[in-house]
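The chain below stands alone and is given as structure tokens, in the form predicted on its own.
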């Protein structure tokens, strides 16, 4: 399968590039500045050149707090531009795999969110990503995969915690009133490639097994790094972030398990593999 991946230098794009050959796929990666998905002609040209079997759109405006003040700009990237990708996919008969987020939900459910639950985003980021889902549906063959709390090769929560520890932090203050599903880009990439092989379409949730609060996530990072730094629970209000977050945005992965025959590994296991890989690539001095 020929894969065209936008946002190829992000966490997930890098993981897909690494995983694609093992699945027997050809990988064609595009990112800024060589491809700007807000430019319809550029998207059409890249897709016409590669003639992919599948397009995986990882390009996104992911700065959740910045999106609150720059919703129009975020909407162009996360929403409007997906129309360009969907039309280009349709033109060559490719399936469009659009990445989305747990932030399309309001976090008020009393159980994990299923694919058919009505989206009710509470943030600009969530609204723009929901617009991207709607735009992806313009491609007759589309697969919308919602994921959450991604960590991999690039800037992420785990890297931020580790950086604070390396800088000599004595305590870490982390929100304990948001619960979600930490997800390793490597595991997600593998799941996406397997989903494409099955011919799956529609909406699917894909996250590592289990869930945690950011506080619990930070505690586990500190523990696995062998640090004795204290992690102090705080409220989201205390964190003074600009964008509202869903309080509980755990995603149900029953459909993923039904299609692939198994769920993704527990997030604690995934974290351990990520930290070992990061330690190998970037030894602490």
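Numbering follows the first chain given and starts at 1. Everything quoted here is computed from the prediction, not taken from an experiment.
There is another form of the same protein, the form predicted in complex with a small molecule; it is not shown, and what comes next is about it.
From the list 35-43, 218-226, 254-262, 231-239, the contact stretch for the small molecule in the model of the complex under a 4.5 Å heavy atom rule is 35-43. 60 is the sole member of 47, 250, 60, 67 with a non-hydrogen atom lying within 4.5 angstroms of the small molecule in the model of the complex.
A heavy atom within 4.5 Å of the small molecule in the model of the complex is found for one listed residue only; from 158, 86, 186, 99, this is 99.
Site residues 106, 134 and 245 are none of them in contact with the small molecule in the model of the complex, judged by any heavy atom within 4.5 Å. The small molecule in the model of the complex comes within 4.5 Å of a heavy atom belonging to residue 9.
In the model of the complex, the small molecule lies farther than 4.5 Å from every heavy atom of residue 53.
When contacts are judged by a 4.5 Å heavy atom cut-off, residue 113 does not count as touching the small molecule in the model of the complex.
In the model of the complex, the small molecule stays beyond 4.5 Å of every heavy atom belonging to residue 94.
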